[in-house]
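A single chain comes next, written as structure tokens; it is the form predicted alone.
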């Protein structure tokens, strides 16, 4: 990788993960969890319904989240991570460890 291609790659990753709530949503779905929309609402009480829908749609469009619709009455919609979304777990874990080291030094 060249510095230019690395910078471009980082920019693409940040575009995919930008948004106040995307990382929070990811952490709730890690580990193969399948959660209903209402479960995510309860797990993240500070997020509005509109913002949760928007963030989930963007993550679905980027191939990170899979939306599963069960055609029943009442309708049931569940969300889980795709394999690509689950692969982010290791990278985000490394970021958390980096942040913890910084805090320990302060």
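Given the structure is predicted, the values throughout are model-derived calculations rather than measurements. Positions refer to the first chain, counted from 1.
Not on display, but discussed next: the form predicted in complex with the DNA.
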Verify the contact flag for residue 76: yes if a non-hydrogen atom of it lies within 4.5 Å of a non-hydrogen atom of the DNA in the model of the complex, no if not.
-> yes
Does the DNA come within 4.5 Å of any heavy atom of residue 53 in the model of the complex?
-> yes
Can you check whether residue 97 is within 4.5 Å of the DNA in the model of the complex, heavy atom basis?
-> no
Contact of residue 20 with the DNA in the model of the complex (heavy atom, 4.5 Å) = yes
